[in-house]
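Two separate entries follow, structure 1 and structure 2, each one form of the same protein chain as structure tokens.
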Structure 1
């Protein structure tokens, strides 16, 4: 059938209608796009930028860093006297601006013990006049502490002065550069051990929620509608309660004189209270309870859609119940189980408040250390690097899930 040719006026009218429809669609999705940009893209972009951008030292002692560019840091000598004089003068300026403590804090991160040296030296330099600093500032600096004759301290100052640096990523994986510039392992392994522990805790929580959630979701999917609705209210009940309240309730249950210890002692099962709170066990058990609905709901939605006649057909053909369940029913629940497992694992690996309240030192996760660097040590760059690596880890898990199960099989409801 031959088409009907549109006139130019009809084509223009059609194009205007199409453009209007596209603008209308864009207006509908604009709030969502704005929300994603503001709440997701900008924070993550800022985090990635802060993990490599560190201008603090460069802003505090710019003239010294300019002088240090000519210094060969691979040599076993300290910088030239004119660089020392400039540094002594800038220390005096920092004392006048009351910012010498910031410089001491920054250098102390890469050179432990330098904080007190820089503060005491800065106070001594502040007592000299400008003429003395220009004529013998280098000698005054060396007299202020023998550590100023150590090239490693100057290497730390020069390294800390880099505006863009990957040093925080090396620290986040317990690596560092030695005096020769080679990447070596740090003496103390903190962050990699904590990453591994966080992965283990997240894995335990995922397995526990799966073990508890699967039979419960199966019962909900096959129970009478009225019973299933009542039980579903209990599943959703945690969502109607504050997370802080639920975590505090676990503290009351697990403490030395809490409900669990009291019951066990009254039943003469134990003679002394168990140390349940502030352990890895308390973190796992509390987070399993909190995250259990995230496993049950995807499983329930998938199980509810499975036709029970498949299982009955297998039984009618002579299959025993357990093999029929394992070969017929269980594979059909994979999309729900994998979605729930992915959801629980990703949420739990970055969980903060529950490990902070009930975990103690033994139950701390990498998220708690990130919060420490943001709130206590004021090392936002290292916190951003740790957060970026956590993001990479989660993306790797998501990629692995896509390779093994397939994102197209993801069913959340």
Structure 2
């Protein structure tokens, strides 16, 4: 800018008002920001931290782990007798506190079969008095089971004592450390298979919603205004209807004695009822129904903005309808299609309720396994590791969405 120069005082006033405006804006945002950080970001952060932070063993046998620090685990010997004595003493304390089962369970994860050995040994140690433990606790320990002379068991105890561990992430990608500490893949690929299956299911749902959403969105976008407004209600009503209601409806439709089987049987198309519910098929069909509006709405709003004269021009210039459609109209719908597809994909990959209710064994997704490890097997660390992998996957998709569509273009309803 040329011409008027601001004086020092004017500059200061300007800066001050700028600062004040910024502060006011921040002040309006601050309450929500604080609320979200405390009620949402911190809980998720602490849970994800659990996937690498596992102090259970370190809290159970602190003195033993202290002693084991001096032991060289690469040597083919077991730790020094005084470490063994300390361990025997701590086992006795664990029996008194009734927490030795927890230790047995933790060590058992890295060396299967150790659970019963630790439990029986701990009981034997609890029968000795403190003086005996001090003098010959090491020998009593070695007599309690021949496994105690195996350096591998001591290695896994020392390893389990680490407060920070990547072991749950290894498990979550179906890897493990073998006896020599090398990372190898497991024989059965439970978790990677499930990730692949979830991705596949999400992909099928995305393709299906795109395939059946496209004609409807096109029809709505080109129908007369009044018709379109009325028909839009039929898209929005399912969108606003509770997820549980829609899942219930699909259960009523797909059951063995359900509506679809009854209709097909009374029309003599099938003689025996089909097994539709509790399959991967039922997960896919119910979720396609639930997520279809997320595809139709962005497609519709993009198609509304496409000038029909381009297509007409191509036709009147002699293009065949199908090539004209493919080369003129279809490319213009890309923004709506990519927005809808990414939205549907992101939502479906983390879905829980519908697969849990209609999926059976075959239709379960990654979220269901996370819930299983949270609620039934109580392996919270593994649930956290699986959850953070899922989160990374979704954040990557979301980043893509932001790059392609722009988060600020997000529209609801």
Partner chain sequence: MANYPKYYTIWHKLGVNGLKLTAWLVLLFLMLPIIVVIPLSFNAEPYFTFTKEMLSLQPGAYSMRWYAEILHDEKWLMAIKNSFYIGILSALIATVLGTCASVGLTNPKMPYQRLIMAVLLSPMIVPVIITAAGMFFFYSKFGLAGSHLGIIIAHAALGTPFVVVTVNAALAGFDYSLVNASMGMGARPIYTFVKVIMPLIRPGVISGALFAFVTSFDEVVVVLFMAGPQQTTIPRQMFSGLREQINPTILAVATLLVVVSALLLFTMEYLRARGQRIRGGQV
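Numbering follows the first chain given and starts at 1. Note that the rigid core is defined as the largest set of C-alphas that superpose within 1.5 Å between two forms. Bear in mind the structure is a predicted one, so any value in this text is a computation, not a measurement.
Participant: Given these two structures of one chain, say which is the form predicted in complex with the partner chain.
Facilitator: Pick structure 2 here.
Participant: Using a rigid core alignment, state whether the CA of residue 125 is displaced by 2 Å or more between the two structures.
Facilitator: It does shift by 2 Å or more.
Participant: Once both forms sit on the same rigid core, is the C-alpha displacement of residue 71 at or above 2 Å between the two structures?
Facilitator: Yes.
Participant: Once the core is aligned, does residue 96 move its Cα by at least 2 Å between the two structures?
Facilitator: Comparing forms between the two structures, the residue 96 CA shifts at least 2 Å.
Participant: In Å, how far apart are the CA positions of residue 14 between the two structures with the rigid core superposed?
Facilitator: C-alpha shift for residue 14: 2.4 Å.
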